[in-house]
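Below sits a lone chain in structure tokens, taken as the form predicted on its own.
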Amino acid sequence: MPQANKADYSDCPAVLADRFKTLYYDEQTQEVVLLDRRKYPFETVYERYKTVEGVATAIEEMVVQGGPPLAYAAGLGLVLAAREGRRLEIGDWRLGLEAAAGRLIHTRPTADDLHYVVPKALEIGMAAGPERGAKAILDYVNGEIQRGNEVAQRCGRYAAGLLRDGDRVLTHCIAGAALCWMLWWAKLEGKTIQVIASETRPYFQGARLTAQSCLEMGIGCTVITDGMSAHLMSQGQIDKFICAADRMTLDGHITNKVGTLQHAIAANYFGIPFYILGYDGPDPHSPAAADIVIEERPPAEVFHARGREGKVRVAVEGIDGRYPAFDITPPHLIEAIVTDRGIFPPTLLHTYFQTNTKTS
């Protein structure tokens, strides 16, 4: 397993703070290894994949979750394709690699990381050729994982500055490594933070992944159902709402796990600031909300607790279901977007690409 920079990442004990702990390419067995986030933390299971189709299916079936991690997993899947076909004629090898990239990039349509990492990995592999393609792709993806870890750490550090001692912070789904780093930096600064995690149906990422990360860091966490946040806000029991985004537009719209919009509307009504952990900025290819494709997942997943993998049915037979996996929150509901380059008003998010220092 590739190791993160010990000086940078050994401090935070949360597993999800370091992506190398949740996914990697095993060069000895030539397999992609993924922590099964559907089962964690009740079971710590690392699934192994030898084929592109296996990795693509794992992404679709939520073994790996979150914009950057699923993009890294797809990139590692392309390593398998490059290695598998290296003895073919170069024309056939190139066709195979292109087909693999096409399969991987169409696994999930909403998060923008996937649509950056896979094309770049394909370009690098094509330039390297059959003999060196797999290694070139692997080096690139490992570099992206390392870069992503560093982005999350910087984003988390800026976000920690927004927290005050005693804050009660609502979050929705799992905001990933940046959330872990935000809470960890706040703790190192001597702040006591209480996380209020919506359970996040149907996969319960908040009740499992966010809550477990808080436990690993010694941060207080209270789990609520997805419909309770407005009531707690009305009682003065939430100070801030902070989550991540799977895609952000240049004009300041954000896309996140479905349910984010309703929390944002309630927060705006009660005068509670809503901050986005925006990692490495907006998608330059998404000028506005109309450019975002919202993934519709299989309706059967909402009929079960923890999705179909959970196997516990919570809905009666003979009915219809809907599962739009994401929703879009407009910029007027967002106080600020925190990135690795600083903190931006949502309407100025497009200036991220011209900024190298903290803006506020």
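One rule holds for the numbers: they count along the sequence shown, beginning at 1. The shown structure was predicted, so the numbers you read here are calculated from the model rather than taken from an experiment.
Although it is not shown, the form predicted together with a further copy of the same chain is what the next lines describe.
a further copy of the same chain is not drawn, but in the predicted complex it has no heavy atom within 4.5 Å of E43.
Though the partner is left out of this view, Q237 does reach within 4.5 Å of a further copy of the same chain in the predicted complex, counting heavy atoms only. Using a 4.5 angstroms threshold between heavy atoms, D327 counts as touching a further copy of the same chain in the predicted complex.
Proximity of A127 to a further copy of the same chain in the predicted complex: non-hydrogen atoms within 4.5 Å are absent; the residue sits far from the partner. With a further copy of the same chain left out of view, the stretch that reaches within 4.5 Å of it through heavy atoms in the predicted complex is, among 24 to 32, 313 to 321, 65 to 73, 51 to 59, 313 to 321. Judged against a further copy of the same chain in the predicted complex with a 4.5 angstroms heavy atom cut-off, the residues D226, I265 and F303 are in contact without exception.
Interface residue among D36, E335, D291, E309, judged by heavy atoms within 4.5 Å of a further copy of the same chain in the predicted complex: E309. This chain appears without its partner; in the predicted complex, the one residue of Y158, Y275, W184, F204 with a heavy atom within 4.5 Å of a further copy of the same chain is F204. Using a 4.5 Å cut-off on any heavy atom, the residues of 254 to 279 that reach a further copy of the same chain in the predicted complex are, in sequence order, V258, G259, L261, Q262, H263, I265, A266, Y269, F270.
Relative to the shown form, the Cα atoms of G307 and F42 move together by 3 Å or more in the predicted complex. If you compare C-alpha positions, G307 and L215 are 3 angstroms or more closer together in the predicted complex than in the form on display.
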